[in-house]
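Presented as structure tokens, the chain that follows is alone, the form predicted on its own.
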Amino acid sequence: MRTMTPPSPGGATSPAEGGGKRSVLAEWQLALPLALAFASIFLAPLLMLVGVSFFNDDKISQPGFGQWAKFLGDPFSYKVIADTMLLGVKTVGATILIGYPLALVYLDASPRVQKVLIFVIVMPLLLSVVVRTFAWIVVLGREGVVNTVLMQLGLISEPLRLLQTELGLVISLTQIEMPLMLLPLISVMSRLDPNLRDASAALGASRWRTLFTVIVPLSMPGLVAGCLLVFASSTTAFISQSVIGGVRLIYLPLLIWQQSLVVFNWPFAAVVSIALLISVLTVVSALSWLGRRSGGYVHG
């Protein structure tokens, strides 16, 4: 029979309750340095960015909403936002189209081959993004690998223009961001019960039906996590956008660079930065909600 501990006389706190409060207090004290570091590194610059955006002149001397009115009243701003978000969507679609079959290959491979595949997937992350981006100039140039092979095969009569085009940018970003899609996807798919596919086949389902009714729904949390990482990284990939895309393709990161370091209009650059932050966070929040909903569906 469970015994009840009588309350202490006079409303005093029992030793057990006092120890619990002290442990909670100790946890907050341990988290306080991290919270202060987070506030100083992230929140303080963000607040400064918001404050700088509410100045009318580039000398940051006249407070006002002039830069916001300039940005929100220009149709070109909305076009740049749409192009930036569309770039992220295209990159996510390309990484899913290539990455999901690769994850299925990893799932069916032997443990030794899986180790090799993991090494191949992780190896690009050990190289700088700048190095990988400039490597794509060699691949996509007029005398690069792609044009040379296509011309030798007789498929084209003159070199294709792949640099400073959105197609070339999406191709390069797909390879650069592929590990961010594969790693969470493989992490989730590796924990799937292999007997599920056998049970589905025993019930008469084809391999394609098993894929779309069993494997894809169960791997949805990893797929959503990969989409989130790829979208956030590709829409803010200033190096790839400026080197592969050039100045002909204007995206929000390039516009921020032009306004801050070329025109020296820091208030307008702050407005564009906040627009980029809000746009990316909106899509990321939607993907996070989708991931939580798919996780709840998988778990019942």
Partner chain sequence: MSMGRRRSFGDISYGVVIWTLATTALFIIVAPVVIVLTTSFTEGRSLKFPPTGFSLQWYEALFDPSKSRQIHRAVGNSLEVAAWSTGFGVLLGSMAALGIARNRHRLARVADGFFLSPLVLPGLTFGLASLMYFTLIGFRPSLNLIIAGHMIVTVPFILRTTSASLSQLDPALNDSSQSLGASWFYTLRRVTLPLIAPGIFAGAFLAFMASIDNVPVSLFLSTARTDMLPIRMWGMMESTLDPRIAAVSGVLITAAFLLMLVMEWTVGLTRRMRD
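Being a predicted model, the structure only gives us computed values, none of them experimental. Residue numbers count along the first chain shown, from 1.
Below, we refer to the form predicted in complex with the partner chain, which is not included among the displayed structures.
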Practice task
Determine which one of 153-161, 218-226, 70-78, 95-103 lies within 4.5 Å of the partner chain in the predicted complex, judging by heavy atom distances; exactly one does.
Solution key: 95-103
Completion exercise
From 196, 86, 125, 167: within 4.5 Å of the partner chain in the predicted complex by heavy atoms is 125
Practice task
Indicate whether residue 287 is a 4.5 Å heavy atom neighbour of the partner chain in the predicted complex.
Solution key: no
Handout entry: Residue contact check: residue 206 to the partner chain in the predicted complex, 4.5 Å heavy atom
Key = yes
Handout entry: 4.5 Å heavy atom contact, residue 178 to the partner chain in the predicted complex
Key = yes
Handout entry: in the predicted complex, residue 137 touching the partner chain (heavy atom, 4.5 Å)
Key = yes
Fill in the blank from the handout: Checked 247-269 against the partner chain in the predicted complex; residues with a heavy atom within 4.5 Å, sequence order, are 253, 256, 257, 260, 261, 266, 269
